[in-house]
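The chain below stands alone and is given in structure tokens; this is the form predicted alone.
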């Protein structure tokens, strides 16, 4: 037990510096807690400093007896000696309070722990997976979703989330696309800001907010072949213009922490990459928060072939700027010795610890270590009805209507005989998605349950095709059914009787997410065969897709009259899908990742560079950039999504033919709802810099606006373009705005646009 005199000294010290800081200028770049941090640092031993840089996952039943032997006993003693600065995967007020009690009351200095957890798209009440949320293009709804997740997690004792993932990715084979915002850096940057604001709010000391983490810095989404943890090798143009912008946006939004990545970049593991962490993040961007390694990534520099052993790995990581070691144990094992031997400057340790302690002050943990440990709040907050309403709203906005021939949708609410088919139609677990935190298994509303709330139709259900064998967990590989067709005949029988067939197909939740890369991204197992068999019986099909990545569904896109991209929508999944199918909500989602025709097109993305041999006018010559067995075009492009109404774009106008330095230009277009229902349209503006010192993409999203239009209503939408809109980073990371000619495109997706031209003169 630490001495009461030392506790008193720390308390008085904090009170004194709090008074001093309250009178300090709010415009100062220095942390308002700098003096408290410096004072505390001055009385810490080297070992205690290193301890703050050490993070472990929960290693024993904290409300039970302390471990007596093995690695758990060693870690327990480290905790009691103040040699652990943070823990993750410990949830619930009772458990967190027990840990915090040891850290505060049994260590020499009583420094509280930060409690981290992967709160990705909810804690107990699940919102849609982040890729689905991005398809809403609704920044306020995305922010609200993060607020709900933060409130529930904070009520359970957590004060730090390892989200948002802001990695840009163009490869649907990579399982972690479900965790990001798609392929575009402009939209990805805005979503990064929205999610950081939702998690952190305006006051980190408020008991409903938590510190956010921008991850994974950097390049993780460009893993070769879409294989998780694989090598990343991108040029500097891609790095500065595609990879970095969402991370910089998160920094500008005040994100408190960064997480480095598993991959190498230019041959150097991100965890030991000085260029990324010190030159760019902490240098050029002046990031003052802390950088945490990804799980075990410091130790993984050994198999990367970058560090010869754990000691060198610890040395390389801390010198590169990695402040906290998640689960490698290498900092606590080696850093103090490295400092004493003169191999690591103690100033690097001090800098890292200052960042960690500052966050603890910002979270209010020194004022009240048990701020996040209120049992009553935990009981009252988690699962609130308002949270279910919020995630239902988010889920409806995330749904994308891909096809709707002959207005098969929305469904009539009376007098229909409907056949509902597919294992996923009755699944209450897969809709929760991957990275589902502490959501109770089988707690989602199934599609079947959602449809049953419309009782005036005759709904017949048969599983028909079974997707999985068994009930896989997060730590298991999903076993896909490839042999059992025993349910086909019963499904065919009810399909014959039905006027409309709704088939729910796609992926199991744990077929996407970390380490869930796929080489084939069609409908897994027997689902494609089943779909074709039902189509022969009754082609009047609504295909509902439930998946965590873009899928290659070229056959379905050609044959099936109505296709709804419903992703994995979380707790309220079935209600959201049913409300869209029946027209109580008019779908408005737009894709944020391109859907390929087949896996051979990957990586495929809208903002690609032109080639020296682009599409030729007659398409009859052989020697141009194309495939001989498929077209270059995607199945469904970025920004694409239909509505139950229709929209017409006309009268694209520019306020002038160009602008010069410090100027701007207005671009306006008229959008009319030409259908019969109220609808929401996302009006999108793209640019193409026709010639530059570094070749630019054929199109780049530079603005969008969501508008609600009544039938027959026309609205003028205006965008303002300036130097920020037309600039780019050169290959050395310098911001460039160059004279030239620009095409501007406006429309409802990245393909079907009105266009015009303007000039910029420096």
Ligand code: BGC
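Numbering follows the first chain given and starts at 1. Predicted model only: the values in this text are computed from it and were never measured.
Missing here is the form predicted in complex with beta-D-glucopyranose (BGC); even so, the following discussion is about that form.
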property	result
The unique member of 256, 170, 216, 397 whose heavy atoms fall within 4.5 Å of beta-D-glucopyranose (BGC) in the predicted complex	216
Contact residue in the predicted complex, chosen from 366, 287, 160, 262 - any heavy atom within 4.5 Å of beta-D-glucopyranose (BGC)	262
Segment that reaches beta-D-glucopyranose (BGC) in the predicted complex - one of 381 to 389, 287 to 295, 464 to 472, 672 to 680, heavy atoms within 4.5 Å	287 to 295
Contact of residue 313 with beta-D-glucopyranose (BGC) in the predicted complex (heavy atom, 4.5 Å)	no
Proximity of residue 435 to beta-D-glucopyranose (BGC) in the predicted complex, heavy atoms at 4.5 Å	yes
4.5 Å heavy atom contact, residue 324 and beta-D-glucopyranose (BGC) in the predicted complex	no
Residue 88: touches beta-D-glucopyranose (BGC) in the predicted complex, heavy atom cutoff 4.5 angstroms	yes
In the predicted complex, residues of 509 to 523 near beta-D-glucopyranose (BGC) [heavy atom within 4.5 Å]	514
